[in-house]
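Before any questions on how it binds or moves, here is one chain, the form predicted alone, in structure tokens.
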Amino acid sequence: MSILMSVAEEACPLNLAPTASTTAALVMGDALAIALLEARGFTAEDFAMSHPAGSLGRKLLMRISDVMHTGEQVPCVASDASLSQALVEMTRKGLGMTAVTDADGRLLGVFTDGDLRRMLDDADMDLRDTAVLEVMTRRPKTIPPDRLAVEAAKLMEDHAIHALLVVADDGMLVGALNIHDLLRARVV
């Protein structure tokens, strides 16, 4: 089988330099490559496996669970914590936030450095006596651990936030990450 590909005239004013013909060859090569990919059922995962060290491979393979903080690295306070305790936890863990969980470890909310700045406008607020439950964000943006890391970057960008809590399907807090984690992993 053969495919005839020709051009009537080159773009060169002298009709000598291969300009239109080289473009036609590139188009035909791309068309054949795409047809072969479709015929073989080549997926994004196949592409990523062929290019694991490249940026496209990273974006297609790296999951939240690969870059998130876990265990003692996750900033977290109990629901009965004071605002002062939450601030100490935020400072110790360095992610710009702390999760607030119930006794079983289910996420109730998040307190962020942004929440703190907004709260400081209220002159009546006492850092030592205020419960974190009073000032936390009750429905924070979260992401499951099995999602792609690039999805976390998109979520952060869409909502103008710098950190996310990682929550399992049952509502249990399993991790945390911020934009710096994604930058270090070269996802963004």
Partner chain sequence: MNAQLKSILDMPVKVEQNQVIDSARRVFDIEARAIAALTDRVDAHFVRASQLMLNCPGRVVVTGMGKSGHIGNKIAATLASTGTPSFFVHPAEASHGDLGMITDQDVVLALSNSGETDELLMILPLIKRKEDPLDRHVRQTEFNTGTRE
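If you superpose the two forms and keep the largest set of C-alpha atoms that fall within 1.5 Å, you have the rigid core. Positions refer to the first chain, counted from 1. Note that the structure is predicted; figures quoted are calculated from it, not measured.
What comes next is about the form predicted in complex with the partner chain, which does not appear here.
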Given the partner chain in the predicted complex, answer whether the residues 107, 120 and 130 all have a heavy atom inside 4.5 Å of it.
-> no
Which among 66 to 74, 158 to 166, 142 to 150, 35 to 43 is in contact with the partner chain in the predicted complex, heavy atoms within 4.5 angstroms?
-> 35 to 43
Contact label in the predicted complex: residue 171 to the partner chain, heavy atom within 4.5 Å = no
Hey, in the predicted complex, does residue 126 get a heavy atom within 4.5 angstroms of the partner chain?
-> no
Look up in the predicted complex whether residue 185 has a non-hydrogen atom within 4.5 angstroms of the partner chain, and give yes or no.
-> no
Contact set, 4 to 42 vs the partner chain in the predicted complex - heavy atom within 4.5 angstroms | 4, 5, 6, 7, 8, 9, 10, 11, 12, 13, 14, 15, 16, 18, 19, 20, 21, 22, 23, 24, 25, 26, 27, 28, 29, 30, 31, 32, 33, 35, 36, 37, 39, 40, 42
Answer yes if the Cα of residue 170 shifts by 2 angstroms or more between the shown form and the other one on a rigid-core superposition, and no otherwise.
-> no
For residue 183, is the CA shift between the shown form and the other one at least 2 Å following rigid-core superposition?
-> no
Spell out whether the Cα of residue 155 moves at least 2 Å between the shown form and the other one when the two forms are superposed on their rigid core.
-> no
